[in-house]
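A lone chain, given as structure tokens: the form predicted alone.
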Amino acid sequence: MSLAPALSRALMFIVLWTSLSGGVMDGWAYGAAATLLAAWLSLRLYPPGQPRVRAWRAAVFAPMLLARGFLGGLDVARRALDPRLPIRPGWMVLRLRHGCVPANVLLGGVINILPGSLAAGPQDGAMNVHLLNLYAESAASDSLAREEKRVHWLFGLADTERGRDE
């Protein structure tokens, strides 16, 4: 393994430590140990060469995700307070379009952030998703497919059917 990934990650954690500590030098010995350990651990858990999120795309994606989460939360609250609105909880299977494990794990996290849905980890090219309202399963399926495309965009992955471009 080359030294460049280790140095760039150590630098990233040094900047993070410095910003969190406010630049105070009193705890620098602890900070140096923590940044070295964090860099080593990040290299072990996520080796160089793995697909990764593009930072500028994450900066575009995050506000949109927060807005969708907020609006979805209002919808869930409205459904909880108005008994006339449909609620039919249940599970559906989302067929994953790409075999990129980091992207599929992130997709599960995105689904969990969105109100009314809960993902149960990717496995064997599919993800079980619990929905608050199965009456709208086809609309939910379309919505989840759009979220999957957005996550693929974060990683710079081509949005292809599973198995064709892997």
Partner chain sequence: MSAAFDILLCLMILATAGIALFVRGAFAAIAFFIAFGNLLGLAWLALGAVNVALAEIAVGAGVTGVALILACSRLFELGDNLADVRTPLASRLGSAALCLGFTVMLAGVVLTIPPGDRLSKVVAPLLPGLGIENPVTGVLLAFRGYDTLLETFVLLGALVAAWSLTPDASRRLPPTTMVMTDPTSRIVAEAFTRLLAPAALIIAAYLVWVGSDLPGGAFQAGAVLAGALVVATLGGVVVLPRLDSLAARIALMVGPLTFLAIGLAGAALGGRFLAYPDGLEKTLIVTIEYALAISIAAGLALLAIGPPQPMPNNARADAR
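Positions refer to the first chain, counted from 1. Since the model is a prediction, treat every value here as computed from it, not as a measurement.
Only in words, not in the display: the form predicted in complex with the partner chain, which the text now covers.
Taking non-hydrogen atoms only, residue 42 approaches the partner chain to within 4.5 angstroms in the predicted complex. At the 4.5 Å threshold, heavy atoms of residue 140 stay clear of the partner chain in the predicted complex, well away from it. Proximity of residue 34 to the partner chain in the predicted complex falls within the 4.5 Å heavy atom cutoff. In the predicted complex, residue 158 stays away from the partner chain, with no heavy atom inside 4.5 Å. Along 24-39, a non-hydrogen atom within 4.5 Å of the partner chain in the predicted complex is carried by 24, 26, 27, 30, 34, 35, 37, 38, in order along the sequence.
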